[in-house]
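Let us start with two forms of the same protein chain, each given on its own as structure tokens and named structure 1 and structure 2.
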Structure 1
Amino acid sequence: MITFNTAESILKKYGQEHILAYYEELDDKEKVRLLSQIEMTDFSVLENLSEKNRHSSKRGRFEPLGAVTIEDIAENREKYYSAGAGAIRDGKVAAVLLAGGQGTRLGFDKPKGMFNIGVSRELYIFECLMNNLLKVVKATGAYVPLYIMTSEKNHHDTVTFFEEKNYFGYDKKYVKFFIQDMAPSVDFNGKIYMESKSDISISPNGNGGWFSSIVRAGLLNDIKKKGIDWINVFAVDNVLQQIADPCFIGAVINSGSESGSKVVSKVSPDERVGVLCLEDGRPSIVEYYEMTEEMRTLMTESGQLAYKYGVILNYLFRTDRLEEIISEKMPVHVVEKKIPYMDNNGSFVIPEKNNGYKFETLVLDMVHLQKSCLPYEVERSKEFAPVKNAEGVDSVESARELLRQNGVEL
């Protein structure tokens, strides 16, 4: 952990010395917590305040992007599988699980991956994902190194849970945990908010921050030492997520693309899902709310939606290209938010309207910084069962039904 003097010098660089204003009043435990927060916070995002709208609203010219379809994959399965399984056996592939979130929207105040989705038996979201990865281990005869990104809030619970469950049968020497970088929240003048005398107002730096968090945690050295060329990054909340899929990996490798994305065909023009397309000639993701009516309804000559392929947050990236992107600096989105804070009297205030900015990096920008990205179509009923809500669309119940359809005992 950093010392007080180091923390002070970091804060002086960004004009945020007020964070240490109450330091001498704190007990030892509170001092440790505050210094730890300063150490893990990415203060460089403050440099984006002068250009806060630069990355959030300006988009280029969009064009549809075709995919390796389910039919194409069936025809070339043997070739794709051989290339992907070979890369796994050669130790060239790792996976990254984005698991920093809590299960709040499910009425569950623990890491979302700890949620029990079973009915007559215990079956956790983490367990579903590890079972899916174990299928690859059994098929290829090789373990895939797995890096699990947690948050400051759920790190201890997540690590303890995996240890208690004996990593769900996965060899724990292939699993490493790291905490996502945090970004500060600021008022409209750029001053960082405090939540208490010992707590900075911070939040995870967005789903595009996973690779910079790996670097900060010192795990890039581990990745290089292992000779890993490809990283498959995926989200915790899709219990049918197929991880380190040999066919997907092989298709991307054979295509010569810098990256790949699993996609599903949209069920309707208005489905609320980001679509993989081209933007100014480079791969990009356009969110459903950014699409014009013309884009939503545009049809191809064969009668298919032109903007057809929705992303499911399962991407494959080349490690060397990720390093280049980090050095180029990822775009940072500055978003107006309601930010609870401690006022000058030491009282905790919950604002009724937006009172400052939060900073986010997005994985969609990581895709757009690639020269090429192969859309790889998968069957929705076999690979897309998101658990985002307690009820209704993309809910616990809908995911349970899809698990049953895929032969998973609940």
Structure 2
Amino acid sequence: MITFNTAESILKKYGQEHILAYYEELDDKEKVRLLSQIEMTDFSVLENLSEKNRHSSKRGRFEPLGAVTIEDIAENREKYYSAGAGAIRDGKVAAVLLAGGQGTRLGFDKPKGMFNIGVSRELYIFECLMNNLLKVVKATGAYVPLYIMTSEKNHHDTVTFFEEKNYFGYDKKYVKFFIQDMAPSVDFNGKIYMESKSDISISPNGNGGWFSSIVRAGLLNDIKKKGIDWINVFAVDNVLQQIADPCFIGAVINSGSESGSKVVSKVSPDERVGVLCLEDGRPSIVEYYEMTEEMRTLMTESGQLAYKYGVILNYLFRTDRLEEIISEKMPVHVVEKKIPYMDNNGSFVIPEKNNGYKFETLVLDMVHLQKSCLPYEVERSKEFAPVKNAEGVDSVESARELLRQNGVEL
């Protein structure tokens, strides 16, 4: 472990000496904890605070990108299904569940997947996802290896929950957990918050680090040993998420694309969703707030929105391509958040408004590192029921309604 002097010089370089302000008051154990946190923290993310380093100021030239539409898929269903189901049966496909987020908008203090979305019975978000995956297992007769990403903050609760619930009927031999990395949180002046005199304020570093965290956890060997060629990455909070969907996998394989993304048609030009398009000729996702009025409203000759296809955090990547891009730098997003902290009097404060920034890399930026990505259109009422907020848009209530519409008993 690093010495006090080394820690001090690292902090000086980044203008964060205040982290050691209480060092002399700490007992030996606390001193060790603080020094090891300083050693493990990636302070270079702070460089992203400067305007010139902000990801948003470095975007290229956008162009619209069409999709394999719902109609195309209906026409080719059998062909796609048999290619995808074949790949699953051959053990070529794995799934990665991104469940390391903190779900602050939902305001639930446990991992989001532990939220009970049932009304007259228990039905947990994790359970919805496992049920959806089990449908594929039943249809193809093969288990899909599942890797679940957690964070330091929710790992224990998540693993204990899966054990308690007997993996919701999934064969636990096919499930493995790994923990994502953390990043420091800062105030609006770029000073790292403290949670206590011996603890830096850190939080999960976004969902973009999932593959490097898999590698660090030693699971890439497992993936390669199993001969897995395709990895389907998906978010915890869409209870209608179709995981390892054979048709999607088959369509991507048949298209010769390096990757694929499930997309839904935007309901209106102003819908707040990232759109899959081309940026400097490569696939890319443009966030709703990055789109100009002209891009938002641009129409094709057939009278459709040109930037039409929104992403729903369900991607298919090739393992060999992920290995190739692992050393490429992902953009770091600076996101305003509410960050609990210790104030100057040593009291712990939970703020009501955003009070600083967190640093996140995002899985959607991996799409831009691919040479090609197949946008695959799905019906939103069948596959997209996000649980982001406690009330209103993308809430528990709207997701319940969509589950009911799809015949799920609540």
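Rigid core here is just the name for the largest C-alpha set that superposes within 1.5 Å across the two forms. No experiment lies behind these values; they were computed from the predicted model shown. Here, a residue number simply tells you its place in the sequence of structure 1, counted from 1.
Colleague: Quick check: structure 1 or structure 2 for the form predicted alone?
Modeller: Looking at both copies of the chain, structure 1 is the one that matches the description.
Colleague: After the core is matched up, is the C-alpha of I179 off by 2 Å or more between the two structures?
Modeller: Shift of 2 Å or more: no.
Colleague: My question is whether S201 is one of the residues whose C-alpha shifts by 2 Å or more between the two structures, given a fit on the rigid core.
Modeller: Yes, because once the rigid core is superposed, the C-alpha of S201 moves 2 Å or more between the two structures.
Colleague: Superpose the two forms on their rigid core, then report whether the C-alpha of I10 is displaced by 2 angstroms or more between the two structures.
Modeller: Yes, the C-alpha position differs by at least 2 Å between the two structures.
Colleague: Check the Cα of P340 between the two structures on a core superposition and give its shift in Å.
Modeller: C-alpha displacement of P340 between the two structures: 6.1 Å.
Colleague: Core-aligned, what does the C-alpha of P351 shift between the two structures, expressed in angstrom?
Modeller: Looking at the C-alpha of P351 between the two structures, the offset is 9.5 Å.
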